[in-house]
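Below sits a lone chain in structure tokens, taken as the form predicted alone.
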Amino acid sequence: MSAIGKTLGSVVTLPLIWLARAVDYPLRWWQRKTGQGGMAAAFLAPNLAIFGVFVLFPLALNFVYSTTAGTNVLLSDRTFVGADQYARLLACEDYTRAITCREDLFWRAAGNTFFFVILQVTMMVVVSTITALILNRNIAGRGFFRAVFFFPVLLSPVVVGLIWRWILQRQGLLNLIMVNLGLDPEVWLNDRTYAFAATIGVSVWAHMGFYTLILLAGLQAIPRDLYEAAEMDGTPPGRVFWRITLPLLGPNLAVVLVLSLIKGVQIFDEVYVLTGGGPGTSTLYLTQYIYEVGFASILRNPGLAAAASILMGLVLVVLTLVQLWLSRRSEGKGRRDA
């Protein structure tokens, strides 16, 4: 190593050495007083403080807002109303008919979100699993195709929405291709069914690369000798998939299911750019409803938006706990069967 290299190394490492010596004595004193548990708490404290400031405090503030009314932003200018905002959201004669509810837009958004999550998560899991199975095979250009499927994940949701808006709008790329093929153009984003389907398709296209990588990692962790033993026994490919691949891929599928469910409920950016919630309220989802009620509407109501977000968060927590319970129960059953 040259003299210049040694000098630069000393300049970089010397402050770190001084810092380590400075904190060494107080850390040793703390360890003598509290033991290993105290040391773990001391190292976790900065992260917990950041978590408290940026997660727990906003959650508590959001709950406080949900108990107030008015259009003012400052809490000192708002009126305490208790659970009135929750009662307003839940006031409904028939929960299957949004028009009978006091906040019919909230229930329309909740219904749209429910069907969106069911269809989008199902498609996401199926498409990601099929893609991972294909990319796990020894095909030509495998590295290239892995990059291609992951590329949309790197795009901003706004860019994704704009790209697909240019493709699906009345004078967009898709209609241009259809006209050149002698077909009649369609108004994809002005038709309720097409627009709803487009939001699902675009969401799957934008996020499937991330879930495919998770499943691909799970597939590559399955021991190859299991497949070799199945091949020697002459086991059909379908039976190999159902009896070996799918059970061993279960933990990864559970992760994909939970993450895609949470992401599906939180859908906003690309749909807002793509359809703006229309036509009508056909693609109005809960997150957009909360945004418009809390910030975009002329008669904004931050308290009502906060109450809606609290209810949405509670539903997410319940769904996540149910899915984790089911996945752990499935893993336990699998271990007992083994």
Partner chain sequence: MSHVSQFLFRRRGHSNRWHWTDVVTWLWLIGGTILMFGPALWLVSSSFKGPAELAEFPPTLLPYQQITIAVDGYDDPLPLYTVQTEDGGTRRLAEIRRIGTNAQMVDPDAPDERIDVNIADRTPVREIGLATENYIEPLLANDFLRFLWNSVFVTTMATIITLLTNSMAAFALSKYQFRGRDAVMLIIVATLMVPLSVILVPLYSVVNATGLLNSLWGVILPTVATPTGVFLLRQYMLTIPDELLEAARMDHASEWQIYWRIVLPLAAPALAVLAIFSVVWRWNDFLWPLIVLSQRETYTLQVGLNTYAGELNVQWHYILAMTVVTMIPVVLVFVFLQRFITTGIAGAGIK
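Take the two forms, find the largest set of C-alpha atoms that superpose within 1.5 Å, and that set is the rigid core. Numbering follows the first chain given and starts at 1. Everything numeric in this text was worked out from a predicted model, so none of it was measured.
Below, we refer to the form predicted together with its partner chain, which is not included among the displayed structures.
The contact residue chosen from 154, 232, 99, 181 relative to its partner chain in the model of the complex is 154, the criterion being a non-hydrogen atom within 4.5 angstroms. For the options 194, 80, 114, 166, the one in contact with its partner chain in the model of the complex, meaning a heavy atom within 4.5 Å, is 166. Note on the interface: of 242 to 250, 84 to 92, 103 to 111, 158 to 166, the segment with non-hydrogen atoms within 4.5 angstroms of its partner chain in the model of the complex is 158 to 166. Using a 4.5 Å cutoff between non-hydrogen atoms, residue 256 does not count as a contact of its partner chain in the model of the complex.
In the model of the complex, its partner chain sits within 4.5 Å of a heavy atom of residue 290. Although the partner is absent here, residue 266 sits close enough that one of its heavy atoms falls within 4.5 Å of its partner chain in the model of the complex.
Though the partner is left out of this view, residue 313 does reach within 4.5 Å of its partner chain in the model of the complex, counting heavy atoms only. Although its partner chain is not shown here, in the model of the complex the stretch 48 to 87 places heavy atoms of 48, 50, 51, 53, 54, 55, 56, 57, 58, 59, 61, 62, 65, 73 within 4.5 Å of it, in sequence order. Comparing the forms between the shown form and the other one, the C-alpha position of residue 31 differs by 2 angstroms or more, with the core used for superposition. Comparing the forms between the shown form and the other one, the C-alpha position of residue 46 differs by 2 angstroms or more, with the core used for superposition. Residue 55 shows a C-alpha shift of 2 Å or greater between the shown form and the other one [criterion: core-superposed Cα displacement of 2 Å]. Annotation: residue 214/residue 323 CA-CA distance shorter in the model of the complex than in the displayed model, change of at least 3 Å. Relative to the shown form, the Cα atoms of residue 214 and residue 322 move together by 3 Å or more in the model of the complex.
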